[in-house]
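Have a look below at one chain only, the form predicted on its own, in structure tokens format.
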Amino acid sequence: MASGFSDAESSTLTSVLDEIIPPSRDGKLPGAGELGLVDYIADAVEKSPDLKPAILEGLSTLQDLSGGRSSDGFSALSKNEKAELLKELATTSPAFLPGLTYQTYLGYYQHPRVLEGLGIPGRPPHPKGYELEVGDLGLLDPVRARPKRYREC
């Protein structure tokens, strides 16, 4: 329970994360559950008082729903059964999936393995920066021609 979730909750959450962002078919990008984002989600849940009850209630409901189909829980279900339960959960616990999906995307697209899989160096942009394409700065001329919308002090 190092992540702040019980073992059963962690297992369920790992499977849900892989349903939100599954591994790519070509193997370049891992699934969100495979990356170990449970700790990232646990940290986000602890920092957000609005998110915590929705995630914990959603996981509990999902465990209850999946218990009727498999004694091994949500992670033992088929892909279709998982999708069906998540769809059902979206109606009974509407705050669960949007909050979890948002946090999943935040953690996933910051992870070095994902960045490297996307062809982006897995490092912070500062101090080396990133190469930017040279654009047509003339596109800003209409904006520059507008009058000022503020007062100078």
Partner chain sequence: MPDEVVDVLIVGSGAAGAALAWSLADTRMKIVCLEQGDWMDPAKYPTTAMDWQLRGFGDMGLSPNGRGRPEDYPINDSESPIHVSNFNAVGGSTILYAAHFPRFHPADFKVRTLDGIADDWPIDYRLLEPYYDENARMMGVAGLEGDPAYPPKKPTLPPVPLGKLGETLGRGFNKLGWHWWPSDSAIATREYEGRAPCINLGPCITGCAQGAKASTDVTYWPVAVRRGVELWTRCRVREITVDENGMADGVLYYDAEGVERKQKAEVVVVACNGVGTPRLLLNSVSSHFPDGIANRSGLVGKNLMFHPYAMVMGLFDEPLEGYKGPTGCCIMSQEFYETDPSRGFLRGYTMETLRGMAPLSTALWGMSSGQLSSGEGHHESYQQLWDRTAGMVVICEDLPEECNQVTLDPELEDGNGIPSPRIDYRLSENSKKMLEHCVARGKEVLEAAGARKTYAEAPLGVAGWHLMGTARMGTDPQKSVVNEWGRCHDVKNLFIIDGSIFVTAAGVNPTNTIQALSLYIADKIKQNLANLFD
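Rigid core here is just the name for the largest C-alpha set that superposes within 1.5 Å across the two forms. Residue numbers count along the first chain shown, from 1. Worth saying up front: this structure is predicted, and the values here are computed from it rather than measured.
Same protein, other form: the form predicted in complex with its partner chain, not shown, and the subject of what follows.
Student: So its partner chain isn't shown here. In the predicted complex, which residue out of P112, P94, G67, P53 has a non-hydrogen atom within 4.5 Å of it?
Tutor: Selected option: P112.
Student: Going by a heavy atom distance of 4.5 Å, is A90 a contact of its partner chain in the predicted complex?
Tutor: Close contact is absent here: in the predicted complex, A90 is far from its partner chain, nothing within 4.5 Å, heavy atoms only.
Student: Is there any non-hydrogen atom of I21 lying within 4.5 Å of its partner chain in the predicted complex?
Tutor: Residue-level check for I21: yes, a contact with its partner chain.
Student: Would you check, heavy atoms only and a 4.5 Å threshold, whether K47 touches its partner chain in the predicted complex?
Tutor: Output for K47 is no: heavy atoms all beyond 4.5 Å of its partner chain.
Student: Even though the partner isn't displayed, in the predicted complex is Q63 close enough to its partner chain, meaning a heavy atom within 4.5 Å?
Tutor: Because no heavy atom of Q63 falls inside 4.5 Å of its partner chain in the predicted complex, the answer is no.
Student: Can you name the residues of 89 to 109 that have a non-hydrogen atom within 4.5 angstroms of its partner chain in the predicted complex?
Tutor: In sequence order, P98, T101, Y102, Y105, L106, Y108, Y109 come within 4.5 Å of the partner.
Student: So, does R144 move by 2 Å or more at the CA between this form and the one not shown, with the core held fixed?
Tutor: Yes.
Student: Would you say G68 moves its Cα by 2 Å or more between this form and the one not shown, aligning on the core?
Tutor: No, its C-alpha moves less than 2 Å.
Student: Compare the position of the CA of P127 between this form and the one not shown after a rigid core fit and state whether the shift reaches 2 Å.
Tutor: Superposed on the core, P127 moves its C-alpha 2 Å or more between this form and the one not shown.
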